[in-house]
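Here you get one chain, nothing else, as structure tokens; it is the form predicted alone.
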């Protein structure tokens, strides 16, 4: 029982250790959504196909609804996955990933000078 007399939900107390930084992460984000990645470093664990390898956050995708997704790549098998961001995710890392394509385009920026 919780301090207010209501039964304690297992989902609200479930945690997992981050595979990169070791932070103890609550499996439920403050907004109530299930989480599968560390809010500090955004790394995750690949649970599909019993791969059990680290998933690196490599990019951001924005859905038509405006929802941001973290794109992860498995360090062992290379599989890509997408997961919704959570409200307490590291905003600096999210912004760095979001602006990386603009900061490092695949062509020389000098080409815009001739337009």
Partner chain sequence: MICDMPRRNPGRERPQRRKELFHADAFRCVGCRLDVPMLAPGTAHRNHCPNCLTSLHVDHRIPGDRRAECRGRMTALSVSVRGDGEWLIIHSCQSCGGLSANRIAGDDNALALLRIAMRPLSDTRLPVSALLAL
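Numbering follows the first chain given and starts at 1. None of the values given here were measured: they were computed from a predicted structure.
Although not depicted, the form predicted together with the partner chain is the subject of the following passage.
In the model of the complex, at least one heavy atom of residue 71 sits within 4.5 Å of the partner chain. None of the heavy atoms of residue 15 is located within 4.5 Å of the partner chain in the model of the complex.
For residue 91, a non-hydrogen atom is located within 4.5 Å of the partner chain in the model of the complex, even though that partner is not displayed. With a 4.5 Å cutoff on heavy atoms, residue 45 does not count as touching the partner chain in the model of the complex; it lies far away. Contacts of stretch 13-39 with the partner chain in the model of the complex, defined by any heavy atom lying within 4.5 Å, are made by none of its residues.
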